[in-house]
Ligand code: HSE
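Before any questions on binding or motion, here is one chain by itself as structure tokens, the form predicted alone.
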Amino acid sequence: MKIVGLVGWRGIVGSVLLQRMQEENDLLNITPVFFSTSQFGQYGPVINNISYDILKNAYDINSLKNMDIIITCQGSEYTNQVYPKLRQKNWKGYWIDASSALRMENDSIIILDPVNYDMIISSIKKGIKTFVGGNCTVSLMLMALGGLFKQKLIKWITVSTYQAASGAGARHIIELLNQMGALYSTVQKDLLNNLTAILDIEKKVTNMSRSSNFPTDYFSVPLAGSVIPWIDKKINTGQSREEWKAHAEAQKILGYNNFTIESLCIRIGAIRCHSQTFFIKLTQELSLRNIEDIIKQHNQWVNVVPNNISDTLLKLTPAAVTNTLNIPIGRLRLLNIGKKYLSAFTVGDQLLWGAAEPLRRMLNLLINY
């Protein structure tokens, strides 16, 4: 069996990855070796009543060299520090990475096998050794619209993403919950008093959100009761780097470039799951029925939600999708401005298809290759 090193398995993405590997019994098909950047030398995890060896040092190049495959969810800083040293030591193993550090390198493949399976298999045959998970919203977009992309029916898309707090990390989830708690505590007594004017309650909430006592160490501004219309660093186009990824990564994943994607990325107060609105120009006129058939036939996880109130509210929200592999897409309609214009709304769990699941599936492709 392949010896597989796991790095960053305690973090939020790594925890979801390990959970999925347990659910699918992936650990039975490999010899797993658990690494840690800060707790090496301590006891390894106990999973399904199996105790694993003492944690190894994730910075120990000699230990890492013994791995046939390394999966890391540790982040770009770790990758930038360790990966070059490992390759310089002539390590010939496979590197599977959740971070963005190596995504756009010429000798790496962004992995999303329901969309680019043929490219992945071809790259393995060519000797490519580095496989990287894509940006979460890009992966979720391609899972939802894969059928239209596969038939090259998309000329351009403008995307608005509504990204959950968990996309920024575990500490950000905790801060959002602390913000919610602070707002509630401010007006808890007022909420029990039916005579309190709603504008008085709103004023107290607003004042608290602007207070120096409001917890904003990680987001830097309030998210609870608000939105943050900027994610990641600014680049010279006026976009954030998160917005730039939509076009750049989609082209690399799909392997062709005769389409354009523009994106606006917004952080919202959801705990988990990213949502996206699409405004699409198609390359040809199609009936809505035809569009729906093309979308839902692409992969087994995407499902078209009828464009009515009840189905939309029940099936097309983060609350409905969290901790599932479902990729619902709805609000589909051809627009009044022209028959080639389509709008849609989709939701997906960014910790699953947007992060952990492509890594897990890539591991299985390699061990079964």
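Heads up: residue numbers just count along the shown sequence, starting at 1. Predicted model, so just to flag it, every value in this text is computed and none were measured.
This protein has a second form, the form predicted in complex with this ligand, left out of what is shown; the following refers to that one.
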Triple contact flag 136, 231 and 274 to this ligand in the model of the complex, non-hydrogen atom at 4.5 angstroms:
yes
If we test each of 153, 182, 159, 168 for a heavy atom within 4.5 Å of this ligand in the model of the complex, the one that passes is 168
message: I'd like to know whether residue 72 contacts this ligand in the model of the complex, with contact meaning heavy atoms within 4.5 angstroms.
response: no
So in the model of the complex, is this ligand close enough to residue 346 to count as touching (4.5 Å, heavy atoms)? no
May I ask you to state whether residue 97 is within 4.5 Å of this ligand in the model of the complex, using heavy atom distances? no
TL;DR on 117-125, 184-192, 266-274, 209-217: the one with heavy atoms within 4.5 Å of this ligand in the model of the complex is 266-274
When this ligand is considered in the model of the complex, the residues of 339-366 having a heavy atom within 4.5 Å of it are 350
